[in-house]
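Single chain ahead, by itself, as structure tokens, in the form predicted on its own.
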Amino acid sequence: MSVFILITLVVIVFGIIYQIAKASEYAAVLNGEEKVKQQTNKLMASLLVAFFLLGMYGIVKCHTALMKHMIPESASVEGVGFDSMFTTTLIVTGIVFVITQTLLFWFVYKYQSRPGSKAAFISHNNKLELIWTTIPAIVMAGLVVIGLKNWITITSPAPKDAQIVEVVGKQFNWLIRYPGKDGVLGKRDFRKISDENNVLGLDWNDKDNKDDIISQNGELHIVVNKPVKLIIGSRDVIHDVGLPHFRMKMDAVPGIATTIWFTPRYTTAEMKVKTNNPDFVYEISCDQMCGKGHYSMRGTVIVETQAEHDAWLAKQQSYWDVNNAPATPAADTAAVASTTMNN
């Protein structure tokens, strides 16, 4: 029924447009085509100016209304550079946009067709071509240099005291690995991957693996004001580690380790206060379409103090211990159950 109503409305609208067109033709015959043409030109020029003014007003109002819904300031030191780059780009392109659109709509109104007016024809102007080619090229080159500088910063070798964390994507969650007390991540072998007891294919012949900790719930714990280096990979298809609050993003590619590093500025608790949102969480999102479960591939980042992080680590079992904990003998289990029931 709704489809029939929609089709009927479309037919009615086209009918109205047709009737308006026919009425315009009749008016042109009665009043003279040239006079109607001039009136139409003037009306269209005035409407375009009104459209321009309303459009600019709408841009300002939308920006004002949506500002409060934007993500807060960068939560990483390095991300401040990206925010600055974005602001600079927005200012430069905004100025160009306002100037060009103002001129465009003004020219439409100013130079509308009038009786006796004749358009000037300019075939070529070397000076004008040089100006509007050189200036944009220089400005764009400057923006590219700023972008490259920020990119090189986060992909360069991390500081020596940086925390090391491995982030591996798989359909459809994040696997996070932390080095143990030795501070070294052990070797991995994709041939040893098993969803039952070796999700990252850790090589148990490498002693450095014995104290590594793996979180399979997509929760990344990092320390505030301390650089953290993320070693990023994928177990199946291309994923993408997106950290919007930190202004970071890096592809997770099967068979290739990619890295980024950054320094968190605010703990999760501090950001809850800054945003006045007690439910605030830092997110890890997958920014690459990776399959039908892509929508659910979301993790969280916990930024905490060094003391809080050390306390959290102390409670974690190594992945080796989790998968090699001694099983409780059946007799002992039965005895424990009997004692519990008797008590």
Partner chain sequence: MNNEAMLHDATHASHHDHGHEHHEQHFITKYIFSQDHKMIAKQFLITGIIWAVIGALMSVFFRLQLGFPDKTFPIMEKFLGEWAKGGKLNPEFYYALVTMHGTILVFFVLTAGLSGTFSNLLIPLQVGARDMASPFMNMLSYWFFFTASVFMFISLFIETGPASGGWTTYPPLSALKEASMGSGLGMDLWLTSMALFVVSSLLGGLNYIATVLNMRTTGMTMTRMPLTIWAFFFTAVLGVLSFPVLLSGFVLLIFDRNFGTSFYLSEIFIGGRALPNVGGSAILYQHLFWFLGHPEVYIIMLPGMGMASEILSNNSRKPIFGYLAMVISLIGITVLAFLVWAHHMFVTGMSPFLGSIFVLLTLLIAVPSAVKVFNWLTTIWKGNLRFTVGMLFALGFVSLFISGGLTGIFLGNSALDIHLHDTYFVVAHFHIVMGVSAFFGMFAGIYHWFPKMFGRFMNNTLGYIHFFITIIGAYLIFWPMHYEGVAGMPRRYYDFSAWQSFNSFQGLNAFISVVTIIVFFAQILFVVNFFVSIFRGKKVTTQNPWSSPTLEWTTPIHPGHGNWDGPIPTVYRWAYDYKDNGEGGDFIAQNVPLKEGEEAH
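Note that the rigid core is defined as the largest set of C-alphas that superpose within 1.5 Å between two forms. Positions refer to the first chain, counted from 1. Model, not experiment: these values are computed from the prediction.
There is another form of this protein, the form predicted together with its partner chain, and it is not shown here; the text below is about that form.
Gln101 is the sole member of Asn197, Asn225, Gln216, Gln101 with a non-hydrogen atom within 4.5 Å of its partner chain in the model of the complex. Put simply, Gln306 is far from its partner chain in the model of the complex: not one heavy atom of it is within 4.5 Å. Its partner chain is not drawn, but in the model of the complex it has no heavy atom within 4.5 Å of Ile302. Contact annotation: Arg191 falls within 4.5 Å of its partner chain in the model of the complex, judged by heavy atom distances. When its partner chain is considered in the model of the complex, Val184 lies well away from it, no heavy atom lying within 4.5 Å. Residues placing heavy atoms within 4.5 Å of its partner chain in the model of the complex fall in a single listed stretch, namely 116-124, out of 204-212, 116-124, 158-166, 175-183.
Annotation for 135-157: interface residues with its partner chain in the model of the complex are Pro136, Ala137, Met140, Leu143, Val144, Gly147, Leu148, Asn150, Trp151, Ile154, Thr155 [heavy atom within 4.5 Å]. A movement of the C-alpha atom of Asn125 reaching 2 angstroms or beyond is seen between this form and the one not shown when the two forms are aligned on their rigid core.
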